[in-house]
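Only one chain is included here, represented as structure tokens and corresponding to the form predicted alone.
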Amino acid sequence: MFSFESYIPTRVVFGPGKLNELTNIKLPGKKALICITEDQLMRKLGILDRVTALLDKIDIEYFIFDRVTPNPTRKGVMEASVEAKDKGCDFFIGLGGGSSIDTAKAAAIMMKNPGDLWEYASAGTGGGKAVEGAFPVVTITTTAGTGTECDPWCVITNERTNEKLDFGTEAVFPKVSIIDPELMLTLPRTLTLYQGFDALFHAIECYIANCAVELTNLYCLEAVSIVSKWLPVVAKDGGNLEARIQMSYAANVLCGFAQSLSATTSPHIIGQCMSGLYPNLAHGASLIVLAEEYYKKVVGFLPGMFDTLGKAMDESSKQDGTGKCFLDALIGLLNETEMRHLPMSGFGIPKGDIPEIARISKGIGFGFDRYELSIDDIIKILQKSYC
């Protein structure tokens, strides 16, 4: 027998061309702060103009916050919340990828909670205060990777301490998420791969986490299967709409649902630690560089679960009770997408900093792992991963 609770209140509007549905949706306010990245990509691609034109049709007033950084910061969140207060905004729109959406979510928290964002962080140097509500958030995603469109999490870096931490609260479940795979057709290959592997590892980690429930397994195994099949396809042809649809469904919907019921495990803590210290390291890349050596270390702890994951990744996999079929499938996918030898050194990470990365990661805690990893274990994983 088993039991669980499921609460995923986000209205998901999914499919090609669904951005146009914005005019038919009852939005949670009348004045929005639209968060976009500082590279102005949403303007350059014409997506911001499309969104604002649709908002004009339904008499929604809006202001643009265009200072979101690739690894969104505490400073940026606080600036967005101040601007929203100054303009009298009553909801947020996160437009773009995970950085814009997570900034919108975190700024929404600060609309109803006094002080500084880090007072509400529950790990590291955070103050651990309880979050008392948040302003509504609408998401319009243009990437397929984080799952933040359908989950109660946002990830923010404290530029003062170089900590990159998760904020999790039901208050930031998006009210509406528009997921239109047509908006993802222009994603560059490298970004597509970083995000695709991020989705894969979300699904793997949520499956093996100690808080996973039976329903989680359905989402995770389906996501693993879809990503394994379609990531190589979209890597070769970014204009393949069917591949974009499949990847978006797996990453934005299935992984978002999985993360609402379960949690990521130690690879995400280690990866977030690295990208917190080295902001040029994309989140997905941080997971790719350590994946092979990490899973070589842990697969023997949960061989049955990894056998099942291996089967999901490759229908021809032979399960032998060791989990080796998972490693074979993972290495095969890394090779096929030319991501197996992604160099950690290429992101400016000195090899001598590995012990500090391990120490900080372990200090944040690996509370969702089903096994124990020491600081020395992490150091060895990172050293073997380094190139």
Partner chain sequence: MEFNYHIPTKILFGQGKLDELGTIKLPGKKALICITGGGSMKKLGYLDRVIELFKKNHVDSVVFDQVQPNPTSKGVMAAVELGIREGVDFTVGLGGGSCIDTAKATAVVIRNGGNVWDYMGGITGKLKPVSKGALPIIVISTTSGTGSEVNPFAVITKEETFEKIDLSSDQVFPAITVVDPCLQTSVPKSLTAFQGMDVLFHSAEGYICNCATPFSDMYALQSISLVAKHLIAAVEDGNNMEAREGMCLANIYAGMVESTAGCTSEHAIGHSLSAMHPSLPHGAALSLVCVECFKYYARFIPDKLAQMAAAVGRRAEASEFIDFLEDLLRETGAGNIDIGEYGLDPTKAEEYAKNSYDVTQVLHDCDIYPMPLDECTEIISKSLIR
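Bear in mind the structure is a predicted one, so any value in this text is a computation, not a measurement. Positions refer to the first chain, counted from 1.
The discussion below concerns the form predicted together with its partner chain, not included here.
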query	finding
In the model of the complex, the one of I270, A291, A121, I245 near its partner chain [non-hydrogen atom within 4.5 angstroms]	I245
Residue among Y219, W153, F135, F197 with a heavy atom within 4.5 Å of its partner chain in the model of the complex	Y219
Stretch in contact in the model of the complex with its partner chain, which is absent here, among 312-320, 200-208, 252-260, 82-90 (heavy atoms within 4.5 Å)	252-260
Contact test in the model of the complex: V12 vs its partner chain, heavy atoms, 4.5 Å	yes
Partner proximity in the model of the complex: A171 to its partner chain, non-hydrogen atom cutoff 4.5 Å	no
4.5 Å heavy atom contact, L215 and its partner chain in the model of the complex	yes
is_contact(Q383, its partner chain) in the model of the complex, heavy atom dist at most 4.5 Å	no
Sequence-ordered list of residues in 100-125 near its partner chain in the model of the complex, where near means a heavy atom within 4.5 Å	none
